[in-house]
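In the form predicted on its own, a lone chain appears below as structure tokens.
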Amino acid sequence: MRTRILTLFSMLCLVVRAVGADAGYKQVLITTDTNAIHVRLPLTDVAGKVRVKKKSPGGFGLPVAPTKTRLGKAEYLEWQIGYDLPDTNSPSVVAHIQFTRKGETKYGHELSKIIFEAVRLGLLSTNELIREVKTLPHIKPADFEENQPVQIEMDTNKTPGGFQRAVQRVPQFTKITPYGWVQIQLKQKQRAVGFQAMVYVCLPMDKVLTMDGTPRPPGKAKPKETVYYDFTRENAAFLLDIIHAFGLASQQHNEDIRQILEKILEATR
């Protein structure tokens, strides 16, 4: 009986260890050195916030199986970047960047940490953040992605069997840069009626790096493979595009990102 209990305990420890390792692999990690911010991203977490897609003419991208597809110039990483968390239980949180939304305290996360570190390292200037803080309130409600209409087009001719074909056209904002592109997409709300604007940072596969800082060679992804994207002086302006995307996404995102920028300015003075 004792042997059986010890065996079960050992198996449970292995399971906990495996779950912990899997969760760690999926996390977006942000580290720095003297002149760059390194963002570690999971490459094969197809159900998570970072997915591999293939470029398509419409700009929405087609999901691919990274372990079965030769990843090269035609593919990119779509990262649903975040900027806050309700707690500090993530290595990508910067706990002293706090703001309030509807009476609840939020902590800076992912984008907030990247911007904070970019200012600290001198990749972005405080003047650039001040300019964004002054610009964002002037975006008109009609210009928010969240307020753009979703159009339904109905075919006049019925298909065989009496069905009628309809096409739903969903607006998408995209800004392309030499270092990647940022998209604002409308998605149906999961727990409410209507649509919400989501911001995605799209990183071409030929711009991502391996752990040693060299470009990732084309090829299929290995299980639980991770890659890196670096923000440096050369591409720091891309961060301003991401900030502005949140400002355009919705009124709530606009207010949140302004609060975050103001807190970063306070913390870096």
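All of these numbers come straight from a predicted model, not from anything done at the bench. Note that residue numbering begins at 1 and tracks the sequence as displayed.
There is another form of the same protein, the form predicted in complex with ligand ADE; it is not shown, and what comes next is about it.
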{"query": "The single option of 93, 74, 81, 129 touching ligand ADE in the predicted complex, heavy atom within 4.5 Å", "finding": "81"}
{"query": "Interface residue in the predicted complex among 97, 197, 123, 114, criterion: non-hydrogen atom within 4.5 angstroms of ligand ADE", "finding": "197"}
{"query": "Segment assignment from 115-123, 149-157, 170-178, 82-90: heavy atom within 4.5 Å of ligand ADE in the predicted complex", "finding": "82-90"}
{"query": "Residues of 241-269 having any heavy atom within 4.5 Å of ligand ADE in the predicted complex, listed in sequence order", "finding": "246, 253"}
